[in-house]
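Here we start with a single chain on its own, the form predicted on its own, put down as structure tokens.
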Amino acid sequence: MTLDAAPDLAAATLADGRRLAVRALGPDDAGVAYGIIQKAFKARPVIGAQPQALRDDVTDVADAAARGGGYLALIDDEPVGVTLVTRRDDDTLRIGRVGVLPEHREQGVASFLVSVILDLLSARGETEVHLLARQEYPQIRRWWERHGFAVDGTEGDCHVMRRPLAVAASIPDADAMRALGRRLAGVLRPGDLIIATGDLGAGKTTLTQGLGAGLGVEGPVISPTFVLARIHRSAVGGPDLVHVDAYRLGSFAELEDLDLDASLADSVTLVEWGAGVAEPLASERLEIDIRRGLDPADETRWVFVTPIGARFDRAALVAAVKEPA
């Protein structure tokens, strides 16, 4: 996935070569968005009461668009998906009306659309987002759980689900990426786990170099691709840095073979390519996602740092991520 520097547009290429993009919903798009919502929700099995989405009218969608709270997913410029984001009276943000045309399901459209919205909200400085998932549809709850949401209460016949948002920053070059790593080192302590994701060449190892410098560890920090894990001992009496490359690992069981538990409590552990593999190592962790911009000639990266669990103070994390080098 790519994200431009605004960021107000995202795009990806599907397996068959078609272009999947997301853009903000404009006032003239309300009718199209309403039609997608109706078709999407009518295609779902009905359990219990009719969903509120089918009781909405086009004016409700137009109102959301006027407030800047709607997004369209398009495949080769054809609108195929939509979602709305509303700010409630208690100032919480709520995602709703996530719908994809039935003929375009199981192509990753909904996941892409949601991930883009989470990125956009993070880049705007929002701290968390909520949604409702009807209790009669446990598969929908599980889908949202896979996207980082957790049940946080109930409202009527629905689960209220909540997800913390990332702290986001635009990083212009490799030197700034290393500086970010040095600043992040200041909020870390022994036992911390970092899971770093991003495309090849996005800057994961560059960030880790800065992290190693900030922790004061020995040796050059380079990608551990062929050895899978390197331990960099502290030269200043602090925690060691354990640098892991999980690119060739297919499961947590394979990661366990590296015996990281032996060093986890006393070290800072960073796992590149760890998403979907390394999460069982620690319920509280930092997840760092590094994205390229849409222009391949532009070195700018968007970095999204998401604290999972109560371990990290968000204010300190914001200061570390956004503070100029």
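We number the residues from 1 along the sequence you see. Remember, predicted model here, so these are calculated numbers, not experimental data.
In what follows, reference is made to the form predicted together with a small molecule, a form of this protein that is not presented.
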{"property": "S122 within 4.5 Å of the small molecule in the predicted complex, heavy atoms", "result": "no"}
{"property": "Any non-hydrogen atom of E299 within 4.5 angstroms of the small molecule in the predicted complex", "result": "yes"}
{"property": "Partner proximity in the predicted complex: G203 to the small molecule, non-hydrogen atom cutoff 4.5 Å", "result": "yes"}
{"property": "In the predicted complex, P138 touching the small molecule (heavy atom, 4.5 Å)", "result": "no"}
{"property": "Non-hydrogen atom within 4.5 Å of the small molecule in the predicted complex for each of D60, A64 and L131", "result": "no"}
{"property": "Among 183-191, 123-131, 203-211, 103-111, the region lying within 4.5 Å of the small molecule in the predicted complex by heavy atom distance", "result": "203-211"}
{"property": "Sole residue of D199, E218, E145, D76 within 4.5 Å of the small molecule in the predicted complex, by heavy atom", "result": "D199"}
{"property": "In the predicted complex, the one of L165, L255, I171, L72 near the small molecule [non-hydrogen atom within 4.5 angstroms]", "result": "I171"}
